[in-house]
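This document opens with one chain alone, in structure tokens, the form predicted alone.
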């Protein structure tokens, strides 16, 4: 990744103060970074609540977007989407605009921060895919009482996030990467990540690669978190277990994050804007300071990064903390006092702390071609028609069989919420009014043509409501679709 360098030789960074407590924690991190001697210059820009209130639905103005395009690196405070203003989260807008496909969330035991896991040596990183999965936000109402969200997982997205996880392990001297999925249930989507992981892993022979089911991963994080080093996972899973991991070492007040893309990186604390504490000079800036440390490493400023991290940890080890840790016993430092304490500790490292030998992170070089995977031998062997109906399964089945009569397609099965209900299997299914009706070729022959599907849908639509279609395709000689429970 290329960075914008000023005439003085410093790297230019877009600085977004954010909302609520954002300006306070951002100011703290900025002062500490500057005191550490990092070769950084700042270009301050706005996003979030104040922008929403001006009527801009994205919460991110053009001059902020242009600044990030130029600098390619941003450090930002928390942003909020006020009730009654805006349409999308400004955070999500930024991630989507700049394709920051990886969310990196380290969680390491901190000196002076007592938790039920103190002394266990927790030191892990969650690498979360950041733009696909259910977070693509593609939702439709299927019937008045049934909603659908599309879970989109691409081979390209899996390739990028898996390779980044292994490259991160290399850069940080780590030796184990777990891939956490729910591929035992979602064999095509979550299974895509598992298959990609298993194909890429041999290219990193010095790193041990293990697959783990995500619910077991969550269980093991509570039971024995010290066993983990790097965990790579899909977007929704990563959202959950990265917060879980942060809780093990003190909570979101200690949770830094990096959103990494091929061209742009955005660094931010995970916590919210906490408006009720804004302007009171009591907030803990640790998460944003640690996010700035991640930013400095990304920029190649390894010595200032180590200095800031060491000073912060030395301050915590001395028991000099803010109100969220110290409580109301009178020993708590204000935000500005904590900042000054960290600056005063520059050059210090807490006893027993073992700094990692960080190396530059090599970003994966993955093709940008939309057709990342192709198959000239693909076949269309049927169609799933999703139908809305209040009929019972047997009545609907007989009707659809009549509609398909005289075509090359036959009704193979009707399913309801993933369970076959026609032909009946004896399952006691409490049906809803969205039916998944599978039509396949009555006998082997040429591929199903679009006009044949259109004719079938026309016939079905003359009597029943339908909401969408899915072609049944074979790729590389294998079925590209799953079967319902009870379907042969």
Ligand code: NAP
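Remember, predicted model here, so these are calculated numbers, not experimental data. Numbering follows the first chain given and starts at 1.
Below, we refer to the form predicted in complex with the ligand, which is not included among the displayed structures.
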property: Options 212 to 220, 119 to 127, 277 to 285, 176 to 184; stretch whose heavy atom lies within 4.5 Å of the ligand in the predicted complex; result: 277 to 285
property: Candidate from 342, 232, 79, 292 lying within 4.5 Å of the ligand in the predicted complex - any heavy atom; result: 79
property: In the predicted complex, the residue from 147, 136, 240, 252 that sits within 4.5 Å of the ligand by heavy atoms; result: 252
property: Residue 324 within 4.5 Å of the ligand in the predicted complex, heavy atoms; result: yes
property: Contact of residue 16 with the ligand in the predicted complex (heavy atom, 4.5 Å); result: no
property: 4.5 angstroms heavy atom contact with the ligand in the predicted complex for residue 309; result: no
property: 4.5 Å heavy atom contact, residue 270 to the ligand in the predicted complex; result: yes
